[in-house]
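Consider the single chain below, provided in structure tokens and representing the form predicted alone.
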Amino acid sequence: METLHIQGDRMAWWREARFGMFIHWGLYAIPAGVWEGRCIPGIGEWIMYNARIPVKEYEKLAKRFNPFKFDAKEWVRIAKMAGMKYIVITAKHHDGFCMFDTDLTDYNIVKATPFGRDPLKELSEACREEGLRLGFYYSQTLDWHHPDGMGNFWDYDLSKQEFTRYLREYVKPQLEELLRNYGPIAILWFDITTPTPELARELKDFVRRLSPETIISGRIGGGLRTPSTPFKGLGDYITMGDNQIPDRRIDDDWEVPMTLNDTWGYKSYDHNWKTPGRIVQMLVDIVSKGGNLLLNVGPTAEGEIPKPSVDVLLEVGRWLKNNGESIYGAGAAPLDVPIDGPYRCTYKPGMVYLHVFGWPWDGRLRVFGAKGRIEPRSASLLREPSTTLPWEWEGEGDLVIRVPEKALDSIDTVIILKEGMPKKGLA
């Protein structure tokens, strides 16, 4: 039985990190949302399913996959400059194509493509050199290529499917390859859910035996849940729905997987990019509620992270370079922030960080219901610590801080309340 001590140690770096890069990359980057002259609705990496592409036709993409521009060090450099602390990349998505060298099938990037290299091995080495942690997304349930994997009803007779055999004779051996050959692996990011709680438990126990320090995502399954109740099942943390930020603080470990546009895998005609300001404010909102943001990029078939993605990430990184103290290692403050409040709060022992999105026109920032929750000793601007800000209590316990006429940062100006200590029982 795992102890709380081991669990705490396993998650410590993750709680400190707060911001990671998700990478969805595979054969689906070649059609990039277009099949037989038609734009296929839905997200890019689901094109095989959404267009009902036969296995034999989809397999032909492997012979065309030659991402000659792939540079693991460049990808890691981008993540690091963006202020991200870990990377999670698709080792096998639902299309069944393996982006690593595996003995279980020749349907992998080393054996089936002209590229002939193992990008996960190269990423593992680059992450180790730069001090970033690496995790693997692995589709343990859906596999449209394998006859015993779930989801492909247009090629296979589902009545003949033996999923338990698939999990034990294919999934588990591949996970062992990933854990033994690319380590240390920080995260195994499972998706959808495992069909039964018993199989989810078997899979979790298998991972724990091989690699006790590896964090397991909440989508491994393993229990009951309701649509309105965040639930991590047998995982180490809650994985929220795609692009879904909760409306209140969650007193558990949790993460939001988020797209930069409207797709995960590369889609040539999706240009609906989120702005750097929106990403910064979403990151702050998530951390203020106790969570992590796993922000996705979808590289091209040539192996490049799209320039619009890079441009956004570098702007976010510039903001974090100046304000990262309020994000890394921070969590939810002991304050209830109104949903329409122009600010969010992150917290470290002795510090409350007020992230002001909407600068007050009258020079008075009102922090609602702060009395009894925090005990500020001083207030100052994070980027100009010598600039002290006067404050006072008003009304039913609101803290009013007098701020300069103009914000230092139109996206998010951070104010520090030093020695803001929570009352007992509110941490």
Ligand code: FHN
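We number the residues from 1 along the sequence you see. Small disclaimer: the values here were computed from a predicted structure and weren't measured.
One more form of this protein exists, namely the form predicted together with this ligand; it is left out here, but the text below deals with it.
Using a 4.5 angstroms limit between non-hydrogen atoms, D242 touches this ligand in the model of the complex. The closest heavy atom approach of Y353 to this ligand in the model of the complex falls outside 4.5 Å. For the chain shown alone, I43 is a contact residue for this ligand in the model of the complex, at least one non-hydrogen atom being within 4.5 angstroms. Residue contact check for G303: none of its heavy atoms lie within 4.5 Å of this ligand in the model of the complex.
Proximity of Y138, K204 and G233 to this ligand in the model of the complex is absent: no residue of the three has a non-hydrogen atom within 4.5 angstroms. Stretch-level contact analysis of 276-284, 81-89, 187-195, 319-327 against this ligand in the model of the complex, using heavy atoms and a 4.5 Å limit, identifies 187-195. Here is the short version: of H146, K267, R344, H94, the single residue with a heavy atom within 4.5 Å of this ligand in the model of the complex is H94. Among P119, P257, G290, G151, the residue placing a heavy atom within 4.5 Å of this ligand in the model of the complex is P257.
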